[in-house]
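Here we start with a single chain on its own, the form predicted on its own, put down as structure tokens.
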Amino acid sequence: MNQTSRIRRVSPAERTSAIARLVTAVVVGLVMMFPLYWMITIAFSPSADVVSRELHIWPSEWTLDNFRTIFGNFPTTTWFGNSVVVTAIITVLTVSVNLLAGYAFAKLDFRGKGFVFLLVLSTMMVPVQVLMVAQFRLVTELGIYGTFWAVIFPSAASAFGIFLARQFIIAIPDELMEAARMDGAGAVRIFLQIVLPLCKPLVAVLVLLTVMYQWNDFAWPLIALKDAQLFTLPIGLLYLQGQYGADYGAIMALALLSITPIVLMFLAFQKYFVQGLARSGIR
């Protein structure tokens, strides 16, 4: 059978369907990208373009004045550093707790495992706003209100992350762990030397989800922090809006600075992100 005969002929209906899906994907992609494009345009536009009644879909002059404004008039560098520190500590804690809890629920046998796992899952159905009062009382009584630990401590575990880790680890063959136990390995050694090396896609997913959520988290840091020097970028953006009012160029410059690390991180690790979600059974 030659190569030409092996190529399946595409019917007109299939070709039309493929073109329709392609056009739909392009249109949806353009709609999704337009807010990002508009934010970049305003961030690099002079103030005259922003307040002008004429529509400028492209800057009349590329300028960095808006970035000079946010770095010269506000502690933007401090806010950026605070976001990096808080997000990094929360990510390390959350990913570690989620992996250990997921391993316990997937591969260890202990009394009440099913009930405890259902209890963890049930917390995902409680709105975050309902928990904020309890979290506020907790951090106040612990004496950490107004510090970074008031933001970090309540975010040290995630019910969805535990569920994701359990679904991923449960697919690892039990024979690998039985063989390790026959060699005298304990639960901790099995986790560190067998389970963890097989969980690289899962770790990538957990890291990306945690970083994206914590980097953009606004409500809880706004409640838990009171010193402007401890603010993170999302809170600083609100502070900037209150001070500048209609200076949308500066606001868009700070918003662009805020989303750039997340976009670069997602582009760098998107392969592991998709692979991890697929292997955990979440679509």
Partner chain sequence: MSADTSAREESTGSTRPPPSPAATYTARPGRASRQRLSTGAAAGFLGPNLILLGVFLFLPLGWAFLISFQESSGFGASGWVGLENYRRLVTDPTFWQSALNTAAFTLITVPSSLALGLGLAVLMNSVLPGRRLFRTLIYLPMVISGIATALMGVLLFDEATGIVNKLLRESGLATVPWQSQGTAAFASVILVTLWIRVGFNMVIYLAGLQGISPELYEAARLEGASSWQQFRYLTVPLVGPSTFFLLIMDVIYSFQVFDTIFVMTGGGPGRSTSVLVTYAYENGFVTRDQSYAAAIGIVIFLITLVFTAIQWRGNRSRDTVG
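Positions refer to the first chain, counted from 1. If you superpose the two forms and keep the largest set of C-alpha atoms that fall within 1.5 Å, you have the rigid core. All figures in this text were calculated on a predicted structure; none of them were measured in a lab.
Note that the form predicted in complex with the partner chain isn't included here; everything after this is about it.
Here the chain stands by itself, but in the model of the complex one stretch of 197-205, 78-86, 91-99, 169-177, 91-99, has heavy atoms within 4.5 Å of the partner chain. In the model of the complex, at least one heavy atom of S52 sits within 4.5 Å of the partner chain. Proximity of L164 to the partner chain in the model of the complex falls outside the 4.5 Å heavy atom cutoff. Though the partner is left out of this view, T210 does not reach within 4.5 Å of the partner chain in the model of the complex, counting heavy atoms only. For P59, no non-hydrogen atom is located within 4.5 Å of the partner chain in the model of the complex, even though that partner is not displayed. Heavy atoms closer than or equal to 4.5 Å to the partner chain in the model of the complex belong, across 209-229, to the residues M212, N216, F218, A219, L222, I223, ordered by sequence position.
Once both forms are fitted on their core, the CA shift for T260 between the shown form and the other one remains under 2 Å.
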